[in-house]
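Given as structure tokens, the chain that follows is alone and in the form predicted on its own.
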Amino acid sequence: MADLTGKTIVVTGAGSGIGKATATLVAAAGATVIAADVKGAEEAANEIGGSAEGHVLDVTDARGWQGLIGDVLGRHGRIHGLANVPGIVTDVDALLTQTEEGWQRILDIDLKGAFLGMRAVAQHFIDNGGGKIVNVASTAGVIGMPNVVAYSAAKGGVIAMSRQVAVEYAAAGVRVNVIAPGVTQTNMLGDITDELLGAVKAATPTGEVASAEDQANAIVFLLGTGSDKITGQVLPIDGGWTAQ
């Protein structure tokens, strides 16, 4: 567990899944966690307790980002890290079946949201000697997978964008890294059958799928001092799936 004592960390998508697990572990590591989401953030913060704070945020809304960051800086004076976790995927996301509206919604939340988040904290980080950003992509942004055309485009964009920002602002002390989860036990799996889940496990070298906490542990590490020399990197947490 990284030591984040005295840090203020913003975690988006904190209402459920990997985001909620991340907010929980960030708080356990000693930080003041700003748990933000379009729904469920305040409930998550209450459940986490301690210094956790819940904030309603639509990650696609630039003004919402400005309001959140301004409020946190006004009360805490400093932000040390940002975890951009939100992501959506739809049942119909193949090239021949995805709609323009569906395509845009996925890119807005999964890609634009991360862009707006990084932009909202970047100048503050630069002016104050640096900061850590962890963006959540997916193995779908690393390798080809069926029925996720918009999702793959968005998550591949997160990876490319993160590398660009990491290189451009490295000298200012800004560190930007990405985790790329494989199949993870969250609500995003939907009503996956035991048969399909068993097939996924059988195709995974470790023979198991990750939990939300597995993904969150990696995010917390990348937010901590142990990652000071790491930037522009993509860490797949997929049981060895992409190593095959």
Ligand SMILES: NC(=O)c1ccc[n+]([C@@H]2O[C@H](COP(=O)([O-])OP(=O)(O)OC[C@H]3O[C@@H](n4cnc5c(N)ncnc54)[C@H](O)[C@@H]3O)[C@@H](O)[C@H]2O)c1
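Quick caveat, the model's predicted, so the values are computed rather than measured. Start at 1 and count along the sequence shown; that's the residue number.
Keep in mind that the form predicted in complex with the ligand is missing from the display, and what follows is about it.
(message) Please determine whether Thr231 contacts the ligand in the model of the complex, using a 4.5 Å cut-off between heavy atoms.
(response) Result no; Thr231 lies far from the ligand in the model of the complex.
(message) Ile88 versus the ligand, in the model of the complex: is there a non-hydrogen atom within 4.5 Å?
(response) Heavy-atom contact with the ligand at 4.5 Å: present for Ile88.
(request) Determine whether any heavy atom of Ile109 comes within 4.5 Å of a heavy atom of the ligand in the model of the complex, and answer yes or no. (result) Yes.
(request) With heavy atoms only and a cut-off of 4.5 Å, decide whether Thr184 touches the ligand in the model of the complex. (result) Output for Thr184 is yes: heavy atoms within 4.5 Å of the ligand.
(request) Choose from 93-101, 70-78, 170-178, 134-142 the stretch whose residues reach within 4.5 Å of the ligand in the model of the complex, heavy atoms counted. (result) After filtering at 4.5 Å, what remains is 134-142.
(message) Can you work out which of Glu213, Glu43, Asp58, Glu208 has a heavy atom no more than 4.5 Å from the ligand in the model of the complex?
(response) Of the listed residues, the single hit is Asp58.
(request) Enumerate the residues of 138-155 that have a non-hydrogen atom within 4.5 Å of the ligand in the model of the complex, in sequence order, or give none. (result) Heavy-atom contacts within 4.5 Å come from Ser138, Tyr151, Lys155.
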